[in-house]
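There is one chain below, alone, in structure tokens, taken in the form predicted alone.
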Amino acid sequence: MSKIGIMFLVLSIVLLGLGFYGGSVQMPEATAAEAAQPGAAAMHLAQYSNFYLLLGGVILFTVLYFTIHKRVGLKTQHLMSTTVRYIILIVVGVFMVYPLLWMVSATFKDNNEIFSTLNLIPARPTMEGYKLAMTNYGGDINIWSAMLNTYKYVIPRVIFTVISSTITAYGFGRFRFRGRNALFALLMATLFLPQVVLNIPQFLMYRNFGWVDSPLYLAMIVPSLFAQETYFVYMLIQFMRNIPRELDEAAKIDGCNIMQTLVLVLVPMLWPAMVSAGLFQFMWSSNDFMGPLLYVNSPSRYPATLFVRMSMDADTGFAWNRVMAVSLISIMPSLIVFFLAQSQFMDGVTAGAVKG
């Protein structure tokens, strides 16, 4: 073993020792601040004992892995690297999915159990959270009407965003016209503009139009007709650059006009990117809180995001199983849509990154 390997081995042993025995070590008071708090150093070691254990274990495993890896054959090296790769992926996957699993588990727990344990299996299962989730607030709205209100504007917004972004990308990606570069630069500049700086002028404009608290959710639907999501336009332009222009010329020879070329030739090839844009917009619109908060005033028109906030009653205390149940019900359509269109989504995200 090299000197560096020995150094890391000693470091891992020290960290493991701190993790196992650091909490019981009595440290001398070296400064006036520590003298005012007897045992502060020992408490510090005890507080971070799990971190020391984890870090020491990772370093020790890494040292042993590379030491053994150099002394075995190629077949064993491949097996070791594959095993470690899958172990890392499984650990990261569990780490990423655990909060969602915990939320599902919390819907079957009471408040005391939610804040006393991290176990996924409830000790005292209860359906009280789901019963409270179905409660009407003020007699005007429940979770199902809130879900219906959500998709009254989410679905049109997704459809109009995909159509307008595709047409805009077609114009910038396939045609040369006066002022094109300046307009494209202006379009890209809006990509870096925070939405928060637009909230006040947009609210004042939409209020003058009479769109605030519109039963048709005009303030949230109409802007999607004008390709306001610059990110989708840029993504579709990048994807369109990979489509040979010879296809446009062949379509023109066959008698197609500009729109027929777009619909019959380019859209089938742009379909994965369009699905990706639609999925992004679907998830962003479904989770949008600020938009409905600004432009929807009537409780009977509240979407699911505002209904989740209404389920938190600050006067009587939060029933967290109800909050978790309402949140789970509200995100289920997004999860279902994402998994159903997962393959198209991955194709659309990755295809535009490769220059054909």
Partner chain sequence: MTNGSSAVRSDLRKKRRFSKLEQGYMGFILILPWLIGFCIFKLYPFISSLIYSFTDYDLFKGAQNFVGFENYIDAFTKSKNVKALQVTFAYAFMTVPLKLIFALFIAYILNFKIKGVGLFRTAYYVPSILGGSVAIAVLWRALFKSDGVINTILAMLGFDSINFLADRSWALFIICLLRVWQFGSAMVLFLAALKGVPEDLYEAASIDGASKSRQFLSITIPIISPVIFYNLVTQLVQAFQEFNGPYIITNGGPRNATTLISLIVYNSAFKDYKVGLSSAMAWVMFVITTIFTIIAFASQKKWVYYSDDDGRG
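By rigid core we mean the largest C-alpha set that fits within 1.5 Å across both forms. Keep in mind the model is a prediction, meaning the values are calculated, not measured. Residue numbers count along the first chain shown, from 1.
Note that the form predicted together with its partner chain isn't included here; everything after this is about it.
Proximity to its partner chain in the predicted bound form holds for none of F108, Y130 and Q281, with the criterion being a heavy atom within 4.5 Å. For the chain shown alone, M290 is a contact residue for its partner chain in the predicted bound form, at least one non-hydrogen atom being within 4.5 angstroms. T230 belongs to the set of residues with a heavy atom inside 4.5 Å of its partner chain in the predicted bound form.
Proximity of F184 to its partner chain in the predicted bound form falls within the 4.5 Å heavy atom cutoff. In the predicted bound form, its partner chain sits beyond 4.5 Å of every heavy atom of F20. In summary, the region of this chain contacting its partner chain in the predicted bound form, judged by heavy atoms within 4.5 Å and restricted to 251 to 259, 146 to 154, 121 to 129, 266 to 274, corresponds to 251 to 259. Although its partner chain is not shown here, in the predicted bound form the stretch 172 to 191 places heavy atoms of F172, R174, F175, R176, F177, L183, F184, L186, L187, T190 within 4.5 Å of it, in sequence order. Fitting the two forms on the rigid core leaves the C-alpha of P292 displaced by under 2 angstroms between the shown form and the other one. Here M205 does not count as shifted, since its C-alpha moves by less than 2 Å between the shown form and the other one after the core is aligned.
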